[in-house]
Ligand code: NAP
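The data below hold one chain only, encoded as structure tokens and taken in the form predicted on its own.
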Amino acid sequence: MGPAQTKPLFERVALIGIGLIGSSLAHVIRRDGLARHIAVAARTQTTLDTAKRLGLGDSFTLDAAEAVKGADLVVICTPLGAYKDVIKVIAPALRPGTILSDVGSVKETMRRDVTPFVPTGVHVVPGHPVAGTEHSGPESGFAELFRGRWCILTPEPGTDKQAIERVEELWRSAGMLIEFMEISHHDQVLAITSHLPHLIAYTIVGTATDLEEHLKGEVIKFSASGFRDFTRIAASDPVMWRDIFLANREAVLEILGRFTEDLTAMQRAIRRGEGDMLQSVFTRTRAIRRSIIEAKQA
């Protein structure tokens, strides 16, 4: 679906939160004419003013309930910790037939904090576009962010089929590949592919900031030797990632336990001079990079 289409996919889309993902989605909707009206709701006037200046919507408000009135698609694009407050505000204004979706990295949050408070007749289709950069805020968004990446949808059994198809079409228009997953499986997968790497990056960069001053300068100077790659990940939105770790606590702790055991095994191999063991692990892990490149996810 592209700009040549005559009838838009949605009449009115409400974006609750307009950070990196929300603003990028707004760019896609604008580019492809997917909605007649984009209503933007934000928490602060500053963010709202920026979104307005960038032309990310047709109406702008600090009141999320006002944004969702008459919307046939509502997408929650806030940090996970705000979901409870968002649904309390918007639930009375949601009309039957509305599709409610989100872009969060932990789908249990939608099931636990949002779905129980959704009025009858509203279709809940949780989504997670697995795409991003280390930048945040409305100015960081761009339409091409999603191209060639995966969007994981986690609707519960019995969800309206047409509602699911419309959300699918939205993300396909953004250039995404679609995958369906059960909620807890999604959260386990993301714990290893996204959440653990971020936790490690935050920890490594945190360790560096605690170094003595005479070492700290050298760390920055010679960061291209590996440290630089961790700093990019560790520059991600602190509020968003605080919420992710708290929301996906169980899966993250389980995978962190496994990682800690593996790290201890590496520590032992280095201490004992077990070169064969180290080389064996490095050879095996190298193949993963090749697989990622072949899957065009590099």
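Counting begins at 1, following the sequence as shown. A quick note: this is a predicted structure, and the numbers were derived from the prediction, not measured.
Separately, the form predicted together with the named molecule exists; it is not shown, and the next lines address it.
Partner proximity in the predicted bound form, defined as non-hydrogen atoms within 4.5 angstroms of the named molecule, places exactly one of 162-170, 121-129, 67-75, 215-223 at the interface: 121-129.
Taking a 4.5 Å heavy atom cutoff to the named molecule in the predicted bound form, the contact residue among Arg43, Arg249, Arg30, His37 is Arg43. Ala82 belongs to the set of residues with a heavy atom inside 4.5 Å of the named molecule in the predicted bound form. Interface membership of Leu100, defined by any non-hydrogen atom within 4.5 Å of the named molecule in the predicted bound form, is ruled out. Interface membership of Ile255, defined by any non-hydrogen atom within 4.5 Å of the named molecule in the predicted bound form, is ruled out. Put simply, Asp58 is far from the named molecule in the predicted bound form: not one heavy atom of it is within 4.5 Å. In the predicted bound form, Asp237, Met240, Ile244 are the residues of 232-258 with at least one heavy atom within 4.5 Å of the named molecule, listed from first to last.
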